[in-house]
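One chain comes next, on its own, written out as structure tokens in the form predicted on its own.
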Amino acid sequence: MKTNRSRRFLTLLTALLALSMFAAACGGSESATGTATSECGTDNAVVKGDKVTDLSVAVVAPSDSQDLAFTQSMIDSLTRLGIEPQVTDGTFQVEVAADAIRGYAEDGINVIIVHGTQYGGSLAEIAPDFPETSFIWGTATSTQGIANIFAYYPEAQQGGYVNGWIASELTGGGAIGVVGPVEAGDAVAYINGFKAGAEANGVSNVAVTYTGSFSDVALATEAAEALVTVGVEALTGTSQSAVGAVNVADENGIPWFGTQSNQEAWSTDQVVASQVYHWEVILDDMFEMIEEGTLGGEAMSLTLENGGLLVEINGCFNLDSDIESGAQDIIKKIIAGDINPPA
């Protein structure tokens, strides 16, 4: 209903304004072009918004809810919407996740967020058994043709491109290293975008290593150490295993660029910027549709244009203002379609 949608929009807008005022009170700044800068030493805790739905919500996710990466991006987004979901996290084994998904459905939970591409096969078997339950699944661009599944995905290459461009400015064209998990989903999109952004600004050597694991911190650490050995001047990576690579960057005084969640807490000195997923931008629409009787059938994406992607710059790093302005110009060009990062 139009009136209800307007109410939701005003509620979300109020929450976002509150978040902006919180940042201003702490000395941070937020631009209208997809970047935000924190003040060094402030608490980046997510501000809880007003509750936007009375639907019961559960989340099944592969890693810890406070991983400063993939799972936390979803929990933080629900917090911004004032929602406290039931959570089953750390479900690296697909069979364990499947049991949790089915269990929540049997318990009558209205909305189950299945936060992992790897759970798609299980969901295809479970969702048809519970036609009155809405399943929200990602990252994925397809609902698998099932009426009660929503799909979601980030255009992660967009913020990746911006991070890559900033990294190229800091290194002056020097070598940059990338530690990736599995070559799939938003991980490969982010990395392809990052590589393109760096190369477009003169970097000829972007060394990419995929560890083959989303969760193996030791492998990510080893990959980062190997890249440092060959002389990279900046590092980036994605997934919950990236903490291993960030530690290597911190120990060696090398700039780090994050994605999925704000990763300043991992290294106040070396994290330059993080592309942050604001899933609440599309979750709010999904909850609205569910309340109106549409339980799935649509895939939605996060972009720089719709505010679902935000490049959050670490105020402690003291990034040159000219570089920050340049990053904002890059974002404007991506939104305008003048730059199209490869996915």
Partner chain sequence: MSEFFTLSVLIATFASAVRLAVPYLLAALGETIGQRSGVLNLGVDGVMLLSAFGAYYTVIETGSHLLGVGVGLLIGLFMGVVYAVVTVHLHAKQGISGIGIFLFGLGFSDLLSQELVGAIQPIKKLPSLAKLPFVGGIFEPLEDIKYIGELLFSHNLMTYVAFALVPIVTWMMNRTTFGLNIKAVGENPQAADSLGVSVERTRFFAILIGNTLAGLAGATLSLQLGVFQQNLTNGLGFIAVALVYFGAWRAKWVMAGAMLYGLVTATRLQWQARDIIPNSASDLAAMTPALITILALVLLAKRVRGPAALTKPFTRH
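Numbering follows the first chain given and starts at 1. A quick note: this is a predicted structure, and the numbers were derived from the prediction, not measured.
FYI, the form predicted together with its partner chain isn't displayed, but the following is about it.
Using a 4.5 angstroms limit between non-hydrogen atoms, Met286 is distant from its partner chain in the predicted complex.
Its partner chain in the predicted complex comes within 4.5 Å of no heavy atom belonging to Trp165. The shortest heavy atom separation between Thr221 and its partner chain in the predicted complex is within 4.5 Å. Within this chain, Thr211 lines the site of its partner chain in the predicted complex, having a heavy atom no more than 4.5 Å away. Comment: its partner chain is not present in this chain, but in the predicted complex one of Tyr153, Phe135, Trp266, Tyr119 has a heavy atom within 4.5 Å of it, namely Trp266. Interface residue among Gly82, Gly90, Gly103, Gly174, judged by heavy atoms within 4.5 Å of its partner chain in the predicted complex: Gly90. Contact with its partner chain in the predicted complex holds for all three of Asp67, Val217 and Val243, each having a heavy atom within 4.5 Å. Checking 225-233, 254-262, 269-277, 166-174 against its partner chain in the predicted complex, the stretch whose residues place heavy atoms within 4.5 Å of it is 225-233.
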